[in-house]
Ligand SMILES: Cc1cc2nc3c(=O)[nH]c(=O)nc-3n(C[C@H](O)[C@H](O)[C@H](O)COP(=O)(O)OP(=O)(O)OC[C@H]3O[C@@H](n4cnc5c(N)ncnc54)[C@H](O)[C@@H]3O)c2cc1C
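As a starting point, one isolated chain is supplied in structure tokens, in the form predicted on its own.
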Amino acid sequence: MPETAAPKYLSSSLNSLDIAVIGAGPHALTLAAHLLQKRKTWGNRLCFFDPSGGWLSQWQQQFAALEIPHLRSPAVHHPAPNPFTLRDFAQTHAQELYPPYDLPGTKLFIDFCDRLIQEHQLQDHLVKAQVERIVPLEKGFQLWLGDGSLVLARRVVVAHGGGRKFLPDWVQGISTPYPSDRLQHSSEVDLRTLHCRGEKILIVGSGLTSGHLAIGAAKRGAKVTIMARRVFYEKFFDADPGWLGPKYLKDFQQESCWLTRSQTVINARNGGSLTPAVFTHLRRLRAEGKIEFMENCEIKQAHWVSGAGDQGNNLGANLANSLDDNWQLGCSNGEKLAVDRLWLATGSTLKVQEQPLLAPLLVTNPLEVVNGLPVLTTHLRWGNCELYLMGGLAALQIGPTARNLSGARMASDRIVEALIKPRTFQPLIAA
């Protein structure tokens, strides 16, 4: 999606907005579509800020880099208010809906979102800028942008992922210098530019990202090992479909203990899993000798060896005698491995106190935090100030699917209700 120029109403250095939305990904698009369905004339009240300058840029980059063919969510989950709009759109387009649950192809989803953006002229309301600081005022907020300019906003919605890459403890224990492209988090890997024929690649992680990386690397002639602390297992979705409706959400929303809610969110997602289709593909590659699984295992020590000159490790002389540049690894099961690349498909951690944009608000506008998640109001408001959160940080209110497309819809319903109605305060224990 193309970059957009700044809206005309942001031509000066000091401007006053009604609703500033930080982010331009699927959650921000979902909020915009739901709000403009309720208030069709509110287009000029909205302004979106994203450093990429394009709608869904980061989302598209991640899907393209991992060569993901389709979404994990069924076609009823998308940014438009009507659940069946994407399915109708697919009938007039050549892109596929994948079985067994009509999973939208990546190109189909992008085309659908493009049409939604054009329909609401949202490209005219996106500013290419990084919001670096939010300063609460008596009424509204100051938004400090990366170029030093200042914007005033009456209400703010934070609608970006914002997670911090999770790196295992052993990474901090690496004492030898190594090339940056030989140890990467999955978010840094781009299969499209990868040249790895004949290399040995170890992927750490049991989730769908590790599966996509393994398939892409094997396709390019690498010998791949996937390592997980648990047994690899398959399920269709991140969380049970019961979390999309009252089957599970009714009890969740009646739970008054925030600690219990946070643990429920963790348990419901249950770490990383593979879809049946990807797991079947991986098994086939294993049968062909291209992929190996290492289960119930983790790295304990990693040492980069640069040719024959670096012998300063304690992982065994049989590995240290290698003349190649490689990683030499000690594993929890006692095995010792030598590999060319390490990829960490270990996900991210989401803690509000680690968010540069939000952490200062915990000082100026304190609120309860449980296991890194803020305790928001029913409408996902930050206490009594007009700032709202979407995505994973709203999980104590939305539930385990808060970061997914279905969670974006639930969050939008709550936030839109607050934006279009006179201000009302809700008790924090309500959901």
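If you're wondering where the values come from, they're calculated on a predicted model, not measured in any experiment. Residues carry their position along the shown sequence, with the first being 1.
Not on display, but discussed next: the form predicted in complex with this ligand.
Among residues of the shown chain, residue 383 is not one whose heavy atoms approach this ligand to within 4.5 Å in the predicted bound form. In the predicted bound form, no heavy atom of residue 377 sits within 4.5 Å of this ligand. Using a 4.5 Å cutoff between non-hydrogen atoms, residue 116 does not count as a contact of this ligand in the predicted bound form. In the predicted bound form, at least one heavy atom of residue 404 sits within 4.5 Å of a heavy atom of this ligand. Looking at this ligand in the predicted bound form, residues 220, 299 and 327 place no heavy atom within 4.5 Å of it. The stretch that touches this ligand in the predicted bound form, counting heavy atoms within 4.5 Å, is 129 to 137, out of 129 to 137, 251 to 259, 190 to 198, 149 to 157.
Screening 123, 73, 106, 85 for any heavy atom within 4.5 Å of this ligand in the predicted bound form leaves a single hit, 73. This chain is displayed alone, yet in the predicted bound form one of 37, 44, 62, 365 has a heavy atom within 4.5 Å of this ligand; that residue is 62. The partner is not shown here, and in the predicted bound form the stretch 264 to 296 never reaches within 4.5 angstroms of this ligand through any heavy atom.
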